[in-house]
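First, one chain by itself: the form predicted alone, in C-alpha cells.
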C-alpha cells in the first residue's frame, strides 16, 4: 500500500498565512506539480472487473458462485476478516475473547457503523444473520458451521456472546461470514426476496444498479464507510462469458482486472502493448480442479470403478497440455499451501492396465465385443457436464474423454451456461459427472464438502458422498484446537477420501491475473492484492471509465 509523503510545509501553515503560502507554492514549485500529483491520492474514476459467469444472487448466505461472492465481498462485512498475511483480524468486531476452552466467544462490535441506508449496525443484525443461517427453510450451504452453536445471545447493543455445543476449532474463521441487515430482511423470505438484486450492506461499496441484459453490475463508493471512503469511486462488473473475448477487452483496456488462461499469461501477455498497461500476478489458487461423480449413478456406486477411472487418466498430461505447466497434480482436498497438506502424499500412477483390472473386478468388461465396456447388459456411457466460458475445463474434459475411450468407456461432454449449470444441473443433481473447481477457505475444514449430512439442496456435498469414518474424523477435527493433532486427523481424511475417489482429483491450477498499471497502491502479499483496495487510487489524468459507457 502506498503511503504518500505529505507536504510538511502545508501542515505548519496557520489560517492567517495559508493564502500567501499557497501562492508562493504555486510560483516556486509549479515545475513539480506533475510529479506531486502522481504521489498524492486522488478520488474518482472507476475500476472495471470481469467475470465469465453472471452473479446469481447478492445475498451472501445464498451465494455459492464466484461471481456473486466477489460482488458481495465489496458490499458486506463479516465480524472478522483475513488480513494481507492471512491472519484473522477484526472487521465489524473491534475485539473478541475465546473462553471456556473454545466453547464461548464474546465479540465486541465497533460502534457507529452504518448500513448503506444510514441505519446503525448492531448486535441484533448478527443474531438475525445467525438465525437465518440455521433456518432450515433458507437454502444455504453455510449452515453447518453455525449449527454447532448452542446459543447466541445479544449482551447489549455492541456485544454478542456465542456459546458452542462443544469446542469448535473453525469457529473464528466461520465469522468471516457477511452479516445481513435485520431491519430490511426480517419479514422477507431469503430464497425469493427482491433484495437479492437490490442489497444493502455495511461494506466499502454500495449497490447502484444491475443490468441483467447487458451483464453489468455497478457499485459506488460508500462515503460513510467505517474504514474511510474508498478512493476509487465506482466498481463496474462486466460479464464476459468467453475468455478469448475477455482478453481482447484487456488489450483494448475495456477491463482493468481479469483472470488469464495459462496461454494468455505465458505468451499473449508478454507483448510490449500488454506490459505497457498491465501488471501480471501468479498465486497458489488455494483450490483444485476435480471431476465429481453422482454417486447414485449405476456405475459410480462402486468404489473400484472410480479408482479405475483415476488410474486411466494422466493428470500430468492435463497439466502440460491444458495448463502449460501452471498447475500441480492434486492428491486430495488439501492444496500445497495449506497447513493440512500431507507432503508425503502421492497421486495414483497413470496405468490403463490397472484401470482395466479394477473394472473387470467390478464386473465391467466388453461382453459383446462392440468396443464399449458393459455390465449386466448396460454399456458404460456417461456425460461430463462443465460450465461455459472456461476453456481449460473443456479441454481437460476432452483429454479425460480420450483416455477413457482408450479403455472402452464412452464419454460425452456438455458445456452449459453458468446459471443453468448451477440451478438445473447441480442443485437438481441431474448429472452423471461434473468437471468443476473448488476455491477453499483458509481453514482446512472440508466438512461442508464431504460430510454425509451436507447433501440437501443447495449444500456442497451434491455428489452424495457418505463414509462414516470420514464423517467421524471431520467432526473430531472440528473439536480439536491443537494444530498438530488436527493436522493428523486431516491426513487420515485425505487418505480415506482419495481412496474412495468421490472426485477424480485432477490438479491445483495457479491463479493467474492482471491489473491495470494506472492503479496506485497495489501491493501483493501472501493474501493476494485485494486486501487494501479501498486505498488504491488513480491520478486524475488517468481516471477513465468515469461514466458508464457500456
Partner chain sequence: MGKYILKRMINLAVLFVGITAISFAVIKLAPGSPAGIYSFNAKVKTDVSKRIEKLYGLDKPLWQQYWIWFKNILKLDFGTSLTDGRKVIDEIKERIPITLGINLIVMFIIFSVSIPLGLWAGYKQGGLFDKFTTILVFAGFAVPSFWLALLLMQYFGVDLGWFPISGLVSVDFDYFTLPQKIFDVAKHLVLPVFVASFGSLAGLSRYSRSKTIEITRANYIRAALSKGLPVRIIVYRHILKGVMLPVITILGLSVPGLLGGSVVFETIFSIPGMGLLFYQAVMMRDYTLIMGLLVISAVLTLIGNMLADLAYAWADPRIRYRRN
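Numbering follows the first chain given and starts at 1. Given the structure is predicted, the values throughout are model-derived calculations rather than measurements.
Although it is not shown, the form predicted together with its partner chain is what the next lines describe.
Note that among 105-113, 206-214, 394-402, 295-303, the stretch whose heavy atoms approach its partner chain to within 4.5 Å in the predicted bound form is 206-214. The partner is absent here, but in the predicted bound form a heavy atom of 236, alone among 123, 236, 88, 200, sits within 4.5 Å of its partner chain. None of 310, 386, 285, 140 but one reaches within 4.5 angstroms of its partner chain in the predicted bound form through a heavy atom, and that residue is 140. Proximity of residue 351 to its partner chain in the predicted bound form falls outside the 4.5 Å heavy atom cutoff. Its partner chain in the predicted bound form is approached by residue 62, whose closest heavy atom lies within 4.5 angstroms of it. Heavy atoms of residue 48 reach within 4.5 Å of its partner chain in the predicted bound form, making it an interface residue.
Not displayed here, its partner chain is kept clear of residue 263 by more than 4.5 Å at the level of heavy atoms in the predicted bound form. Taken together, 70, 98 and 221 are entirely out of contact with its partner chain in the predicted bound form: none brings a heavy atom within 4.5 Å. Annotation for 409-427: interface residues with its partner chain in the predicted bound form are 417, 418, 419, 420, 422, 423, 424, 426, 427 [heavy atom within 4.5 Å].
The gap between the Cα atoms of residue 54 and residue 503 is larger in the predicted bound form, by no less than 3 Å, than in this form.
Inter-residue distance, residue 83 to residue 486 (Cα): reduced by at least 3 Å in the predicted bound form versus the depicted form.
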